[in-house]
Structure formats: structure tokens, C-alpha cells
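Take a look at this single chain, the form predicted alone, given in C-alpha cells.
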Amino acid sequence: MPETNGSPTESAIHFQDLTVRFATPAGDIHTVVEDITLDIDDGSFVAVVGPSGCGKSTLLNVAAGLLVPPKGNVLIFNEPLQGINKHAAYLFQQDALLPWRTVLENVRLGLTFRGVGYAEATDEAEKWIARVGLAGFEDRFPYQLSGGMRKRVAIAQSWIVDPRILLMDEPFSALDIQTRQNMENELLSLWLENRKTVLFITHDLEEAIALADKVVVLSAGPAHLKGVYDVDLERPRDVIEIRMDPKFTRLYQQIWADLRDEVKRSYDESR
């Protein structure tokens, strides 16, 4: 069990000697992730960066139980993962809202699936809609919302079921920079309230450092663990202001020295 400041910390996700392979249409075997061992502490915010196509989302899908690795083990709160990870909610890069349902119906959906009564689920959904700044939009459909507003709905939809783990696959990459930074700050505000475990995939190193407790760097494919960096920046944070901290700049330079070589290698291999 890992330790932080001398006290034991429970592991929310533990990848042990993880390898993931796929068969290609030509019949070849393609290795995406190879021999990764990594601990994600309970209550921590961990960001994963690496070159495009290196296996970041594959790691997330394994943690969700959507992929069964041919080699290695995955433990969730010290128990072997079997089937879908019931402790986790998954926030995708693209909107996963049901277009024929209103904001209220989309946010309420997870509680409805769990058998929560209509009145209780509606009351809780309305609270979460207000919490993400969408009060008054309960009866709108997804096509009537901006990209940032749809992302707020998705966050409320994920958090309302009170998961212990949040798996986030580049959730803000499609947003404009101002909306993206606002959403990042909103995410940090929500996370500070209850410290759920977050495993966050991003291509943006600045975003990773601004949000996370640790930044995990993966190599070009097949992905190996290139490095794990502690982000020693005070919380609470503003994702814009924290970028002006000299410690942020030094950490960026340190991590980029690792990441740059992998990005270049990935690009050269794809030419």
C-alpha cells in the first residue's frame, strides 16, 4: 500500500504488469500498452500524457472494465476488477448525452437506472444542474446548448451517481480556450469538495500540471511508463493564475524534457 507523508493511502486503481494487444485486420498482433505498473491513490487527481495513439485511452478503458487485458492485473480498491468497474463514472471526449432527453432527464438518468424514485431523483438532479450553473435550462435539449453547457450537463450526469472514481478522456479538448479554462476550474472546485479519485487523459501538458497531483508520462507506442511526476503546487488553484507560478514553469520544463522525445519518436514513426 503506497504512503503519503508517512501515512498509508489506499490504492483506488492498481495496474500490475499490464499489457494490452489487439489483432489487426491483417492478422498481426499490435501491442498498445506493455508492462505498465502504476498506482492511483484514493482521492488523488492523476493526469496521463503521452503522444497521440500511445495507449492513454486504452489505459482508461481497462480501468473502466471495458477492456480485459491479456496480461497483467487490475485492482480496484484492492479487489480484482471483474467486468464493468461499478465504482467508476466515465466522462468521454465527445458528448454522450441522449439527444431526445432534456437536461433534467439526462442528469437524472443515472439515478433512475439505479432504482431511485422519481421525486428523489428529480430533486437531486435539479440540485446538480444548479451546482454546474445551468439552473433555468432544465427543459432544454442538448442541441439547444453550447458545447460548454453540454459538458456541464455531462459532469453533473457523472457526479450525481456519487462514483468513487472518475475516468475522464480529454473531456475539454473540443472547447474554446476560455470555456475550457472555466470548465477546468469548475472541475477542480467540485473535486476539492469530496476528493474523488480522478484519472484524467489529456494531450495538453499545461492542463495536466494545472489540474493534477501527479502527471504520468507514457512513451510512444507500445506505451511504457516513462515517468511519474509529483505536482507540488498549492491548492486551491486557478488554472490560469497557476501557469504564472515559477514552480509551474520549472515543472513543465522538467516533464516536457521527457515527453518531447516521445512525441518526436511517435511522429517520426508515423511518417
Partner chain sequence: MSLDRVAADRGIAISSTRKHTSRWVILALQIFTFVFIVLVWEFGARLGYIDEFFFSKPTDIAALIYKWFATGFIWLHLGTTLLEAFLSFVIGTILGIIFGVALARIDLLCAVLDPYIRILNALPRVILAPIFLIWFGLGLTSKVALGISLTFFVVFFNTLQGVREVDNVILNNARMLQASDRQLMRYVYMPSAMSWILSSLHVSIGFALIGAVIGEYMGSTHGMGYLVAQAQGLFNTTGVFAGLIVTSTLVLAIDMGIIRLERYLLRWRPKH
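In this text the structure is predicted, and so the values were computed from the model without any measurement. Positions refer to the first chain, counted from 1.
The protein also exists as the form predicted together with the partner chain; that form is not presented, and the subsequent description refers to it.
- Heavy atoms within 4.5 Å of the partner chain in the predicted complex are found in exactly one of 121-129, 105-113, 187-195, 174-182, that being 105-113.
- For the three residues K214, S219 and L233, a heavy atom within 4.5 Å of the partner chain turns up in the predicted complex in no case.
- Contact annotation: F92 falls within 4.5 Å of the partner chain in the predicted complex, judged by heavy atom distances.
- In the predicted complex, the partner chain lies within 4.5 Å of some heavy atom of L97.
- At a distance threshold of 4.5 angstroms between non-hydrogen atoms, L38 is out of contact with the partner chain in the predicted complex.
- The closest heavy atom approach of A88 to the partner chain in the predicted complex falls within 4.5 Å.
- Residues from 59-87 that approach the partner chain in the predicted complex with a non-hydrogen atom closer than or equal to 4.5 Å are A64, L66, I84, N85, K86, in the order they occur in the chain.
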